[in-house]
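Given as structure tokens, the chain that follows is alone and in the form predicted on its own.
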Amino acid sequence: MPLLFAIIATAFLIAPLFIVVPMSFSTSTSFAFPPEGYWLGYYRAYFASEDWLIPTANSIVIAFCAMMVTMLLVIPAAFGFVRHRFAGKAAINLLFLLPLAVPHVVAALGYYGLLSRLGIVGTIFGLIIAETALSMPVSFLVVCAALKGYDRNLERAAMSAGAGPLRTFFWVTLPVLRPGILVAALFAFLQTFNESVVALFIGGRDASTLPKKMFESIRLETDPVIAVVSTLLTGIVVLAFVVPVLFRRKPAYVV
């Protein structure tokens, strides 16, 4: 029975791909399915259009910058939270997790009011600040979970062998925590790249992101290029999971 539910859930998640992917090759000027014919015209239109390429580049830049700022804030915060006892620890934990409980529309209104006073609404810098605040909770939880499972005896052994605090951190602590940190960074990047509500409120013409452009395209233009974007994003995600598996080195056996 659990296997049956898993198969049904997987089929439910994958089914839209069997509609979106063929539509990206359709010759129709609308979202007609099944396609009347097939061509690569909408792919050429996407890669030749600044209206699509600029939001794509903006999304990558904003997501990368928000990811870096998030990790610079989250890593020391997680170390301090997990390894030290202090007054108000529960309140700090609640403060970090608060963006998860607040609807994005409410958060977007708050960010708009604050950033407009600072004069950075409609800028990439303003979006980076807002998206960083939204991506911090999940990244914080991931790094904290990695730290709670970390054996501090490794650090004590390194320091007893003569390594200083910085060397111990970069040669012992960081390599052991690297998988958790990379997962946290990935979550921060994906959260920012896929976020659309805050981008609609704060992003202007100069800071238009790909989700914002996709929303405007399907609402105002009914542009079939959106199927191309969806197919490309899905393909990138699939490759990100498949390529490491294909190129994973097999263990060497000694005869």
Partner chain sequence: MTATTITDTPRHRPLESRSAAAWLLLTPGSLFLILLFVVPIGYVLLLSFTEPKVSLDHFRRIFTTPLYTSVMINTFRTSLIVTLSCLLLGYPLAYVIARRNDAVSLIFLTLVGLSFWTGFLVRTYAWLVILGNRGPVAATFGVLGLEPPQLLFTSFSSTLGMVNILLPYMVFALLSVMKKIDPNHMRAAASLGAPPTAAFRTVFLPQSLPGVVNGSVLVFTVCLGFYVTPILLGTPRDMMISQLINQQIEELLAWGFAAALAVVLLAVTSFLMILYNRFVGLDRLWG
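Numbering follows the first chain given and starts at 1. If you're wondering where the values come from, they're calculated on a predicted model, not measured in any experiment.
What comes next is about the form predicted in complex with its partner chain, which is not displayed.
Its partner chain in the model of the complex comes within 4.5 Å of no heavy atom belonging to G149. The closest non-hydrogen atom of W39 lies beyond 4.5 Å of its partner chain in the model of the complex.
A residue is said to contact a partner when one of its heavy atoms sits within 4.5 Å of a partner heavy atom; N194 meets this definition for its partner chain in the model of the complex. Contact annotation for L98: at least one heavy atom lies within 4.5 Å of its partner chain in the model of the complex.
Remark: none of the three candidate residues (Y43, A45 and I181) comes within 4.5 Å of its partner chain in the model of the complex, counting heavy atoms only. Only one of I60, I218, L53, M68 lies close to its partner chain in the model of the complex, with a heavy atom inside 4.5 Å, and it is I218. In the model of the complex, its partner chain lies within 4.5 angstroms of at least one heavy atom of each of the following residues of 78-92: F79, G80, F81, R83, H84, R85, F86, A87, I92, in sequence order.
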